[in-house]
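Next up: the same protein chain in two forms, each one alone, written as structure tokens (structure 1, then structure 2).
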Structure 1
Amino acid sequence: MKKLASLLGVLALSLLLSAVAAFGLAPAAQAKEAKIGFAFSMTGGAAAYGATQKNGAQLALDEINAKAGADGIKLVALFDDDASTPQQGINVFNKFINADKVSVIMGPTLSNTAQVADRIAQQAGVPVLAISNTAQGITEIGDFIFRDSLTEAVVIPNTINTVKAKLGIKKVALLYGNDDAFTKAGYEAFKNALNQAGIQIMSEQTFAKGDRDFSPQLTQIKGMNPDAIVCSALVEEASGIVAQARQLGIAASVPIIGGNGFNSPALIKNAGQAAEGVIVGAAWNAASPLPLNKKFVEDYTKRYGVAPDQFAAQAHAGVYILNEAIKKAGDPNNRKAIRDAMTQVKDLDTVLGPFFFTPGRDAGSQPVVQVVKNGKFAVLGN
């Protein structure tokens, strides 16, 4: 009986397959999968940036996967916390590369971490897309390293030239964090841009990551009566500097000009009214009239209950850039093919505008200059 049942089972399967062939039916195609490792600062000093990066990336992932279809490529996200430290960034990259076998990595959040973690990916031949690393030397690590974030060397000269033209500043005090790759790169870019613009640097003051009292530096600056304070800082220190400057009586008529570290709603939330009038160079502004950007701002705000910032926008754009490269590569598991395809991304429609990589694998988009106005970032002069 068992033998007869087995023969009948084989016959039934044969008849089913014949019917499928006869009617032109086929089993549903299985979607290909591409693993992406997301290394963001969910804790530590850069957590304010990492949280919005994750939100922006997740929104893009859901949009893309909803449209992929059964025979498309599904993006599989693996999120991990780089803890705002180089050592944890190294741990996360090693896990992504060796245990998770990801096809590509997005992140880490800070340039300090990227300077060491990206070298591991370069050696392993795993493409990396930086979405907030703006210090010098990141893409120079190797030909597997890309970024969609504009460097301070691009954003800051535009900021200084715009402010000089609109506000007529002639003399400034320069304040910067001297123990972080990002803030030091911002300082160098600011110093060069100020010298090129013929603006006098009256004083250079420094601070360290984690400092809370900036009154000694700001008191000296106040006594010099500069036309503006130029500052390279991450958002935690930037918030304290802005708030304490106004508390010490440095008038709102003396603008505080920040680098990319200032470009977060956390600055406005933490510094409150003192943030009004702060000027920040940026790669993106929420008020951009691009249809894709307007939809992004609307969808993000509806989903998360707050408006997106530049870090969310660059993460959202980054996922679309990686998706485009993975599609072009054909094989979602071929790391080198994905790297090669990334160099071919050109005029891709993103929330940052039409995107392409320069020959040096940096972002080819245009910077803007923002000012905090009525509790929001607005384009300076609008």
Structure 2
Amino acid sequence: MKKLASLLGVLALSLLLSAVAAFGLAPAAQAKEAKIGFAFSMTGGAAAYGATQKNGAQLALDEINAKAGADGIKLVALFDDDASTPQQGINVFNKFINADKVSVIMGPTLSNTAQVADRIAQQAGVPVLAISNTAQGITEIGDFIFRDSLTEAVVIPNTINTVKAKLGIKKVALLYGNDDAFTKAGYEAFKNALNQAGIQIMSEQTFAKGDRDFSPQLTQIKGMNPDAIVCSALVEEASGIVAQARQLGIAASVPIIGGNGFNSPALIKNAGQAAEGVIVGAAWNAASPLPLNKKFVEDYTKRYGVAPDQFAAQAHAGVYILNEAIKKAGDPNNRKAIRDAMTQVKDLDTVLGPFFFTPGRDAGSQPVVQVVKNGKFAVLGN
């Protein structure tokens, strides 16, 4: 029994230690402060995406707080790491909700984590704004869950229809990551959209997260002479796919078509000349001439030394949306009022364009179809 007692002792001591520290670090929010918890993947498989999300959010926070003045509501940001796993995501959400008493949560980075963590927030009545979860069934979790990221189910049919109208493709090969919820959802959306548009799928190839060699799949695809390669991948893999496809001699006249995951300047930077002509259907128009967006791209590039990607843009827009809702709600500590105010957000100027939530609490912004031209994203149509 002595052993058991010591065991329990260790457990209790560890928890107590963290509790004391948590109380010490979390003073009650001031009346004119709103605490926002940001749960992003800073380590693990999605760390590259969590990093730009944090950058985008930080930029927006600084802009808003600089303008808040003496009587405005100041946004207090708490960033934490969901480590790209559902378990850590749940722990972070519990800490945000019960220890830090945040008013609202932004994140988590991955859809799988959101599937479980968002439920905790829904039960506790804490509004969540998802900024990168594009899988089905996220906002369906409940009326406290919102998202500003357009789902693949919205972006992709639009992309396929636009591409079909402009380029007249008839048969394509599909390449997707089958061990990741995001890329798998993208694949299903592509498959449905292609079937509906009456475009033939000649071959379906898969890869795994972290793969760097795509030549076996691309060799098979090349042998079939498709009109285009449709690809559901995140940018780190997408860059390799695009570069290796051209290197294997798949002609530049065979466009590579991607979704939200492709919408990053890293694609152009990494794949270089090979990225020319790549078609990217997405939620954020990097080349949008709207003043707020131009300023965002400039400021972000100046501050971080690289151009922003869609993850950063959606995080930036997300902070503006939350700020608007908190202002409208009046009381930064009233979670329910903030939730209600979220539904009222309308025609808000964000880097994603004028923003509102659909009745299903999904993004009401417009998707765009871009093409890489002279090393830049340009609009193909929408």
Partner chain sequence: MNVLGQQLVNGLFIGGMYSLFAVGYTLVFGVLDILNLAHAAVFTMGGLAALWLVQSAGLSIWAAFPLATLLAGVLGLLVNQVAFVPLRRRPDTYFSGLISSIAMAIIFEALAMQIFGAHNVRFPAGTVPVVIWRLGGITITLLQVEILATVVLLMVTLTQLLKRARIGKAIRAVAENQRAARLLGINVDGVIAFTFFLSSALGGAAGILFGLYFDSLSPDMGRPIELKGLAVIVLGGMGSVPGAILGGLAFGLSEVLTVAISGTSNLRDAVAFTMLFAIMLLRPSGILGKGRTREA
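Residue positions are counted from 1 along structure 1's sequence. Treat the numbers as computed from the prediction; the structure is a model and nothing was measured.
Could you let me know which number goes with the form predicted alone?
-> Of the two, structure 1 is the form predicted alone.
Report the entry in T151, Y320, V254, Y300 that lies at the hinge, where the C-alphas stop fitting one rigid part best and start fitting the other, between structures 1 and 2.
-> For the motion between structures 1 and 2, the hinge residue: T151.
What angle, to the whole degree, separates the smaller rigid part's two positions between structures 1 and 2 once the larger part is lined up on its C-alpha atoms?
-> Domain rotation angle comes out at 10 degrees.
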